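Only one chain is given next, in structure tokens, and it is the form predicted alone.
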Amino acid sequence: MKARSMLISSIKSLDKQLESFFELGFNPNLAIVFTSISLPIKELMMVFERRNIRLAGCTSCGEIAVYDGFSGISEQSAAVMLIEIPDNQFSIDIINGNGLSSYELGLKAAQQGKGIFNDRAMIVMASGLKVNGQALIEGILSETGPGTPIFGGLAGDDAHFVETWVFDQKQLLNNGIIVVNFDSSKIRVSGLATSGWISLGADLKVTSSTDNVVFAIDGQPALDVYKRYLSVSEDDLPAIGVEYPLMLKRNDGTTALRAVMGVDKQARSLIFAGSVPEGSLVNFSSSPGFEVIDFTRKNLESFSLSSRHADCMLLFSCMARHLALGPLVIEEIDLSKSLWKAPLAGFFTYGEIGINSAGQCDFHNQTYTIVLLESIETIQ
């Protein structure tokens, strides 16, 4: 596997950079792209179609890249990971979610890629405002089983919370999923999701909810509870709700964060990025500040002991981390750069998919989810 990453600000610069790579003898056949909605996405898709490069992409809420000693974040741009890999070591599926529940969408995505490889790993990007991330993952795992490496994120739209997109070189969907399946006997895919957010205040009980829609907390309308606890107006949501998610306490001792993605003012309900079961105990949570970077560092260093090498990296980092850390968020990105010294492309998401503290695939908010891709030949 050979890989190069880049940040581009226009379709013209993308085309020019691709041409220079081909002239240097680098011939990518797979592109993973995270782009601002401000770029002309259909034109971007056509660039890859013309060059016969398979494409898997989604819209973002800020773009991230590391290459040639450079590391940076950007807006109104695209982060691109270009990979040269044998055609028989990966496949791409894109599925329209219209008429499907999030669980059914995940199940269909898992079934569609079944049988291509004996063992596979999956990189998943899904619509950020129309998909229940937890139900999506449960649908995938119902088919693949818990041992399949699955990583990814929910698409963004530059924090407008209006419409997000997933795409390949031919289709552009505002409700769907795109999956890159890798042959696990040829490509090792490993990763880690780390948060560092801390709980605030006493336990609260979700007294009325359906899937990812919460109607009441402690018997009070959910929207009113959020307004009271955060001392905000309705117009501040959902944006500020991303920074102060609910910390969901599960019966198995694990926790998961759930960020607000939408508000129904008439029903006084909140729409979260993932399921919040009725009867659950939750807390409000927040970033402890720059201590988050030290938390990330310790977890990445521990993870690196078992995953020492990478041919390339993908990063799915919650938009709330960017909001909480500001310009210092680049320090978190540089942690992966210093540990693995490989090209990286990523984006700030509306939700992340990765391994939880129990070692199982889970849906998250507020995490820094790093994914390492490495050819098995390199390992040997």
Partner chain sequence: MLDLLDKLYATILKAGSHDEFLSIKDALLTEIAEIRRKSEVNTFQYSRLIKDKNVLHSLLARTSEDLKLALHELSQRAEELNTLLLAIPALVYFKDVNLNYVIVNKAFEEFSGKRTEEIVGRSAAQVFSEYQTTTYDQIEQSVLETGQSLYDISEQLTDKGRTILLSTNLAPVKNIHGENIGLVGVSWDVTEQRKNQEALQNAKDAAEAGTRAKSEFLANMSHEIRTPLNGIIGMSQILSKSISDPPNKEYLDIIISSGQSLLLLVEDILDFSKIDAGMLTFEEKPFNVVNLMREIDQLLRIKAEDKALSLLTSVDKGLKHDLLGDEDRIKKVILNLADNAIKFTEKGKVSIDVTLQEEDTKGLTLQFTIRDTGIGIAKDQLSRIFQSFEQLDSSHTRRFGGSGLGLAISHRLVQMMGGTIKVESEPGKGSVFSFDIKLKKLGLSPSKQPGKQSPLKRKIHVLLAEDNLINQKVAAFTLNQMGLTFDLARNGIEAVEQFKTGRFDLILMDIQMPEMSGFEATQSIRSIEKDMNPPSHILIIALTANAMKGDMERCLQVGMNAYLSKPFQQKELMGLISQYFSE
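Residue numbers count along the first chain shown, from 1. This is a predicted model, so every value here is computed, not measured.
The form predicted together with the partner chain exists for this protein as well; it is not shown, and the discussion that follows is about that form.
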Is residue 295 near the partner chain? Define near as a heavy atom within 4.5 Å, in the predicted complex. no
Can you tell me if residue 201 lies within 4.5 angstroms of the partner chain in the predicted complex, counting non-hydrogen atoms only? yes
Even though the partner isn't displayed, in the predicted complex is residue 41 close enough to the partner chain, meaning a heavy atom within 4.5 Å? no
Could you tell me if residue 170 has a non-hydrogen atom within 4.5 Å of the partner chain in the predicted complex? no
Of the candidate stretches 170 to 178, 133 to 141, 237 to 245, 116 to 124, the one with residues having heavy atoms within 4.5 Å of the partner chain in the predicted complex is 237 to 245
Looking at 309, 160, 250, 228, which has any heavy atom no more than 4.5 Å from the partner chain in the predicted complex? 228
Sole residue of 325, 37, 342, 46 within 4.5 Å of the partner chain in the predicted complex, by heavy atom: 325
Is any part of 278 to 315 within 4.5 angstroms of the partner chain in the predicted complex by a non-hydrogen atom, and which residues would that be? 284, 286, 290
